[in-house]
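The chain below stands alone and is given as structure tokens, in the form predicted alone.
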Amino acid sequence: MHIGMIGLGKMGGNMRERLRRAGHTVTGYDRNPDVSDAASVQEMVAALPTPRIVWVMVPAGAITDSVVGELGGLLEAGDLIIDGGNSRFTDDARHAAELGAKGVRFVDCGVSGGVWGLENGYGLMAGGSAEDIAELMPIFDSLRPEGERADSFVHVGEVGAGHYAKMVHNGIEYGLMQAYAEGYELLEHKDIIKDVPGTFKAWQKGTVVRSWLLDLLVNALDEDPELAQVAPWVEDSGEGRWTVEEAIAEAVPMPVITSALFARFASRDDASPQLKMVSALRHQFGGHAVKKA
């Protein structure tokens, strides 16, 4: 297939490369001319065969609104936009309605995989019509890891469902990271523990707490055993807050995820080793900036 992609940062750039390795043609646009294939969005759109498919990988909120609005003025009936960023699910219905009035189709897709996705593949959660999802399957299959489709891809439901699933995924991620980080601080405090990094390494195989996040925690300690270069300042990118807001709206108890979110708020006035670890983990899987100590 031949698609356009807007936003060629840490995720978008690697996704473009993975698709190209799979034999697809990708014409990408980014404000950074050093990585862009086209000089403008208009030039990118003009390079695409019809019906055009454009994947948007830009920050959620106003920037996504601006890009989708611009594309809506350039695309034609039958063309299709995929929002693969971390947009709030409520924005998807609005975008679909605005584009649908012009005959432009819309799919939302939660994407997980961070900076490791180029080699490992991405977990994908898509929302949209069955017909649109079926048309895009060659793209989804190339982005996800090899193996059974159901292990890394799901058509969750109608428009908005993909980003809702990704929101909950990221909320769970908050809780998992916080649990590892709290364990790290307790081990650091206890004088009878002489090898904290080695303890985590020993959990990587055979234990019930083994996971990719644990592997990344070990990576972080290999790079900086005392986390001396990391400040205990942890950003929250939105999905955690939205998950807690949805929990309140749906009366679903979420004490672990809520506590993990509040711990991030507390980190901004704290010197906590556990928040250093959460910050280090975010850098490991997503390439998120670390506030230096």
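Values in this document were obtained by computation on a predicted structure and should not be read as measured data. In case it trips you up, residue 1 is the first one in the sequence shown, and so on. We call the rigid core the largest set of C-alpha positions that still match within 1.5 Å between the two forms.
Beyond the structure shown, there is the form predicted in complex with a further copy of the same chain, which is absent from this document and is the topic of what follows.
The partner is absent here; in the model of the complex, the one residue of V230, V68, M57, V54 having a heavy atom within 4.5 Å of a further copy of the same chain is V230. Only one of the listed residues (A181, L136, V104, I82) places a non-hydrogen atom within 4.5 angstroms of a further copy of the same chain in the model of the complex, and that residue is A181. Of the candidate stretches 31-39, 239-247, 59-67, 44-52, only 239-247 has residues whose heavy atoms lie within 4.5 Å of a further copy of the same chain in the model of the complex. The closest non-hydrogen atom of K291 lies within 4.5 Å of a further copy of the same chain in the model of the complex. Residue contact check for S129: none of its heavy atoms lie within 4.5 Å of a further copy of the same chain in the model of the complex. Taking the partner from elsewhere, R16 is found to have every heavy atom lying beyond 4.5 Å of a further copy of the same chain in the model of the complex. Among heavy atoms of I172, some come within 4.5 Å of a further copy of the same chain in the model of the complex.
Shown in the overlay between the shown form and the other one, fitted on the rigid core, is a CA shift at R282 of 2 Å or greater.
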